[in-house]
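Read the single chain below, which is given as structure tokens and is the form predicted alone.
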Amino acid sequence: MLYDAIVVGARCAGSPTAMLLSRKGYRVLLVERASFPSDVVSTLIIKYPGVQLLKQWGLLGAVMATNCPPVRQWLDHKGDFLLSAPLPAVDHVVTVAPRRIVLDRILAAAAVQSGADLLENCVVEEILSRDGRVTGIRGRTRGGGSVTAHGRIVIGADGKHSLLARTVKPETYHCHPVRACYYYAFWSGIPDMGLVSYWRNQHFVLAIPTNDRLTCLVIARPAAEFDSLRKNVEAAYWRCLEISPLLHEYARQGRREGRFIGTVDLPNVYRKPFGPGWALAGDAGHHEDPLMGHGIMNAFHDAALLAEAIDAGFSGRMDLDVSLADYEIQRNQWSLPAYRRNVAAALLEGWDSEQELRLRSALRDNPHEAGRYFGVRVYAVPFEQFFSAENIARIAGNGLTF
């Protein structure tokens, strides 16, 4: 069967891409190696632009109906004091952090409802090509059945170790070594305080409220320490939590629901996201350290851009190669400034610079600007607007630059 598009990977990049192309009338096959609901390693956070896309797609209500609390506040400690402020009230929901067993199922169901064919429990084993052009896929279902499908374009939304990317070997750029390693677990009995973050001596702790009154409690350490951490994960986890007496005590009083989950497999890389008969979206095309929680937001943004680019090419409004090249430009313009800040921050050092602590001191008794400071982190306030020389001088006086 010939499809207009075959999307490999049905999570945060793949399902929205399939949904949007299907809504435009294209015949789409969506292939996923797992079945839904199923979990995946994730920071869960969807920042404001991602929330806006969920709303635009008509899916935000379904996400909020899963007993997932909106994030309305941020508490942050950088070795000085606990700075706290509500996030800017730019919309009904600014940030949300649904469990992936909830979110991914909603996204896949929306793709199917829009007309895409979803094939779960199917492992794609080979990318088919002819005369240098990708033409389709060959795989196998969990039951052992063989699957072959052909399409005008094959989209790799299959993560940082994308089979499509490994097959076509695209150019890579803006590459940086792995910075940090992470462990997290879900806890009951911890009150919802919004996002809570602590930084000290290359230790990082983050509390994220999620579905069913659970809290995802994350620790981070330099990547070089991963092997030593994994020898006794629980002891290392509790040692890192000690930088936050607040969260440490709440966790002691709470209950861990499930196992510790950890990873150091966190490359920082951009890949050229298109070529003859293929395109990449989400982590397959651009992966970065999860410290700032950009992944889901960027995956949604890629899906929106890529679906428009493919439609422009398939409809004849533009040459497909030109529209896909424009997709790459727009993707990079959107993500690269924050990527660079994130890669630097993921070293887990420099967060307590004199400039940063002076600014935080000035924000301590200025809840409105403190809210905008946190609003930058969730993309509800433009970075360039808040950190302009004029705005920083107004808040903290002259001589402070970022």
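Remember, predicted model here, so these are calculated numbers, not experimental data. Note that residue numbering follows the sequence shown and begins at 1.
Not on display, but discussed next: the form predicted in complex with a small molecule.
For the three residues 44, 281 and 297, a heavy atom within 4.5 Å of the small molecule turns up in the predicted complex in every case. Checking 170, 136, 209, 290 against the small molecule in the predicted complex, a heavy atom within 4.5 Å turns up for just one residue: 290. Between the small molecule and the residues 200, 272, 100, 174, the one pair within 4.5 Å by heavy atoms in the predicted complex involves 100. Remark: of stretches 311 to 319, 70 to 78, 156 to 164, 85 to 93, the one touching the small molecule in the predicted complex is 156 to 164 (heavy atom within 4.5 Å). Interface membership of residue 55, defined by any non-hydrogen atom within 4.5 Å of the small molecule in the predicted complex, is ruled out. Taking the partner from elsewhere, residue 263 is found to have a heavy atom lying within 4.5 Å of the small molecule in the predicted complex. Shown alone here, residue 184 lies within 4.5 Å of the small molecule in the predicted complex, counting heavy atoms only.
Though the partner is left out of this view, residue 123 does reach within 4.5 Å of the small molecule in the predicted complex, counting heavy atoms only.
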